[in-house]
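Given next, in structure tokens, is a single chain: the form predicted on its own.
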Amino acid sequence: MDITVVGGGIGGLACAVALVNAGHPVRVVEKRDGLADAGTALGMWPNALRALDRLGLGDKVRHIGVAQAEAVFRRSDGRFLARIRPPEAVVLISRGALTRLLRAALPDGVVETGVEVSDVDELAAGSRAVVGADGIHSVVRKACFGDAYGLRYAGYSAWRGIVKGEYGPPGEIMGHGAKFGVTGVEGGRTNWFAPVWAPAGVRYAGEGLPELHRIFGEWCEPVPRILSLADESDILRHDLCYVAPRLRSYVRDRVALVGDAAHAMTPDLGQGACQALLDGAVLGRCLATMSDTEEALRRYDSLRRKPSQRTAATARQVGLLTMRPRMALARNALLRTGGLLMR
């Protein structure tokens, strides 16, 4: 019996690659007509790069992506706050490029697009196991765990985009209830993201760019330059949410959740895609090396639930500290003393 992966995102594809590499049958079903090629840069931290190495893709990601050895933090007027140098460089790669690499590692026919899952029980009945990798609004999570585990608004939403050209330094520029992040991405481009503290569901006249210019137009460079190059049609905007309360298990019978379906988190640590990769790689390895499916799923849960939930909780705390307007002075002071960001 095949293992069925619901969702063709980073975590689901990583799980499928791990299984295929071990010679196990797997089927990936994705409700969209094609795999996600949109989105901005993803930071591959050392933990994710090691997972990619085990999948046979680490060197390709390092070759395509842009290595970032440090991040510079400044105030909106340009005043320097801190410089953070992690022990190992982070590799930035666009979501589309990483998705294509994972997809190319799978044989033709493994991924089926345009397939919407409505009955998880029926799917599980015909599969050795079902992997719920269907993102933040997971159908599998709702079907198996009910409405008790839903989404909670983090208090801020974000615009994101990519522009042509290289603008730096990489890092974040901090304001009151807002920040503007800048990183490199492959192809000589710059990835940017702009979270703003706001009520949930707020929409602005004229779409995003007029509001972005209103909020960030007087900030230090390269913010005005990047916004002058941004194309409205390429800008993404999302209210940022996280799964709450924490799931007591990522497993129910022969169904397991990975990635955002299990632990959607705010992007304040840059670990969302990393944790999804780790989930998928670990789950795939457990299913490939253990003949007892239920034991394999329990093993996956024991290895990944607590670490991923700790990461999600830390991201939430960092987000509150860096985004709440009343925390701006304390945030800047902590950054100046080097005491905020975890390495």
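We number the residues from 1 along the sequence you see. Fair warning: this is a prediction, and the values are worked out from it, not measured in the lab.
One more form of this protein, predicted in complex with a small molecule, exists but is not displayed; see below.
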Looking at heavy atoms inside 4.5 Å, which stretch does the small molecule contact in the predicted complex, given the options 72 to 80, 141 to 149, 251 to 259, 165 to 173? 251 to 259
Within 4.5 Å of the small molecule in the predicted complex - does that hold for a heavy atom of every one of Val6, Gly9 and Gln271? yes
So which of Leu101, Leu209, Ala124, Val117 gets a non-hydrogen atom within 4.5 Å of the small molecule in the predicted complex? Val117
Quick one: from Arg298, Arg27, Arg50, Lys31, grab the residue that has a heavy atom within 4.5 Å of the small molecule in the predicted complex. Lys31
Would Pro267 count as a contact of the small molecule in the predicted complex, using a 4.5 angstroms cut-off between non-hydrogen atoms? yes
Taking heavy atoms only, is Gly135 within 4.5 angstroms of the small molecule in the predicted complex? yes
With a 4.5 Å heavy atom cut-off, would you call Ala158 a contact of the small molecule in the predicted complex? yes
Hey, in the predicted complex, does Gly65 get a heavy atom within 4.5 angstroms of the small molecule? no
